[in-house]
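Before any questions on binding or motion, here is one chain by itself as structure tokens, the form predicted alone.
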């Protein structure tokens, strides 16, 4: 049992992550601004889909001209030209006389540019005007973030308040008497109908009827809506509705129900026969019925997919092609050094003269048909130090232990003792040489977990005295006087919630409650940049597997893609209805996964900025994500104590692992993808047979087309081992290059 000693302090331990809904409501505006400004002037779609031909309304054109005038006033001429060209406006559009004569039909695209199919250069195009565009966001409120009074006015249609209970009870009685095969599907309408009918009563000042309606029917709703109903019960007056973000989200994003055609016709016929217009109007206006042909789904199939804030994902949301394959590895020859040759000869094996290639890397020699093209997004070139690290990785990989049900990994646990500052985040470098912790007292601490101590680079004056041609120049630049087992870095002004090492171990990212993401140098142990884009706490951040890019997500319900050398985000991913609590890069770096308090997981295309997958099924906020090493699958963990497995290519849930009794804060696949490890607040690490879970899959065409899934209840068969700590919640897991499992958490006395 390895222990990491934290300094003594007064701050309480605080490992739970806040998940209150956002109070700002500007996420969508920012998303659109980001997409306009990060579009490349020369990007063109291979399918021609990025040219929008819809006529521009006078209001849109006025908004566009106002933005252009603002940019011109601030001397951002390049941004003016880009935006004017994208919008298809004539060159004299900024001339006051031309504006007077310009009509509503002066053609071109609307302000939001579709980046689908844009070329790689568009990802790194200039984002000079982002800050000024932010000032223009309110001018687009009507389009992006509906006005509160407009949103709520939909509830003003008057119905007899005393009949609401009768209508709902009649529908309930009808659904309970239909055939079993239809009952489970039609029961899905209870919750969204209940919420909208209650809100209609409250909006129209029928407080006593609303209270009676809530008390009578709230107990009939599914248990996984308990938290939402608790928030709803506090909305008892019309005035309460105005400032409630959750309510506005529920109202503006239609609740999605997936129902078979037969069940839908049954419901429609019943409501028309009874002339139940009140309920039919709500279904028409506030719900999105995703109708499919075929047999109705069973209760277990529906329960597996339901539970999110806005119902299930529409089937077409998961039909986009996703390039989940791995990029081709650069071919680096691995020469056998003398020690390895001698060791092999002693074991009686023939001496190998040819250089070895990495057994894992060799799989990637042929281009994977499901992989994106190598230059789909611009990736940093390998430096000499990166190549040396690859060689070290390949050497380690040759000594890697093949894991399986009969060969489980050893587990080494790093316990943070006396962490009174409240450990909130942990990360380990890929080579397992450094461990970093983020704390509630706003500090970031780094420890060396090898005998090699941490040293800073010498001062500029001392560096001038060094012989730069010497072979050991990299050692000479380090200052031995600064050597220590750990370093503390100060800079944040709030608890640090996310932390991530760069692949080359030269940098460390941290995200905080103060709304910033900071980039730290691990050569000088100082802050290099503070990235300011989020206005609220940033819950998580992560480096791309190739370095250079990183992603952040927070309380503003928006994820941002950054490059280390840009102070503005390159992409803004908007769509979640609540806080983004965790972020993960796909192994090929072309996609980003985000988990949210809205109980959904979204997969975003880094190039286009579009959401290409929406996964629903968790019954609580999602706190951990992990991609399988081959890029085909995603695992997610949440406060509901379940690990769900997803097939990225087909966009389907393919497994459910039950066993944990508390929030799952960490997930990690072994290096060979054979085993999935999960760490939880229930003080346990569990190991699951990932290969068996995925090998048993039978994804036929019907399942892929309808999204119907048949989950096997085989958690006990897949559970390979449970490791319990004395009293330490597990907040991070990491497999070393040789497949030893490292875990970390703060002792909770």
Partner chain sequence: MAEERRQKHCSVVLPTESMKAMAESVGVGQLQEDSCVALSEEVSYRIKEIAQDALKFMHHGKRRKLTTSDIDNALKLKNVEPLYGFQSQEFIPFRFASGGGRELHFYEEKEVDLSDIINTPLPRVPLDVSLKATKEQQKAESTEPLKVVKPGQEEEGTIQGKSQGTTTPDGKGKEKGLIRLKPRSTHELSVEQQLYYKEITEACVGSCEAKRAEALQSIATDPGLYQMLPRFSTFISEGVRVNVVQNNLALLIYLMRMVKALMDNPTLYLEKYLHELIPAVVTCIVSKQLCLRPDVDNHWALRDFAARLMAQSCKTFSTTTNNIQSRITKTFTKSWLDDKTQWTTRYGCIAGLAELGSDVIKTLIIPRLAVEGARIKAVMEGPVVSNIDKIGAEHVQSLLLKHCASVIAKLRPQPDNVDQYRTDYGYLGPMLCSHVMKARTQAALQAQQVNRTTLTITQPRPTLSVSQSGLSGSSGPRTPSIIKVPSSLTLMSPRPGTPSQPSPPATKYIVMATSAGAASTQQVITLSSSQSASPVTSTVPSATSTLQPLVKLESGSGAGLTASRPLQKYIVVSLPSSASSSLETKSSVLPTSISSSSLDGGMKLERSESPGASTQSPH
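Numbering follows the first chain given and starts at 1. What you see is a predicted model, and the numbers here were worked out from it, not measured in a lab.
Missing here is the form predicted in complex with the partner chain; even so, the following discussion is about that form.
Colleague: Of the options 235, 397, 563, 289, which one has a non-hydrogen atom that comes within 4.5 Å of the partner chain in the model of the complex?
Modeller: Partner contact (heavy atom, 4.5 Å) among the options: 235.
Colleague: Which of 445, 251, 571, 534 has a heavy atom within 4.5 Å of the partner chain in the model of the complex?
Modeller: Checking each option against the partner chain in the model of the complex, the one that comes within 4.5 Å is 445.
Colleague: Heavy atoms within 4.5 Å of the partner chain in the model of the complex: which stretch among 294-302, 321-329, 525-533, 206-214?
Modeller: Looking at the partner contacts, the answer comes out as 206-214.
Colleague: Can you tell me if residue 630 lies within 4.5 angstroms of the partner chain in the model of the complex, counting non-hydrogen atoms only?
Modeller: The answer is no: residue 630 has no heavy atom within 4.5 Å of the partner chain.
Colleague: Indicate whether residue 717 is a 4.5 Å heavy atom neighbour of the partner chain in the model of the complex.
Modeller: Although the partner chain is absent here, residue 717 would stay clear of it in the model of the complex, with no heavy atoms inside 4.5 Å.
Colleague: Tell me, yes or no, whether residue 728 is in contact with the partner chain in the model of the complex, where a contact means a heavy atom of each within 4.5 Å.
Modeller: Taking the distances in the model of the complex, the answer for residue 728 is yes, it comes within 4.5 Å of the partner chain.
Colleague: Answer for residue 229 alone: is it within 4.5 Å of the partner chain in the model of the complex, judged on heavy atom distances?
Modeller: Yes.
Colleague: Quick one: name the residues from 621-643 with any non-hydrogen atom within 4.5 angstroms of the partner chain in the model of the complex.
Modeller: Contacting residues: 623, 639.
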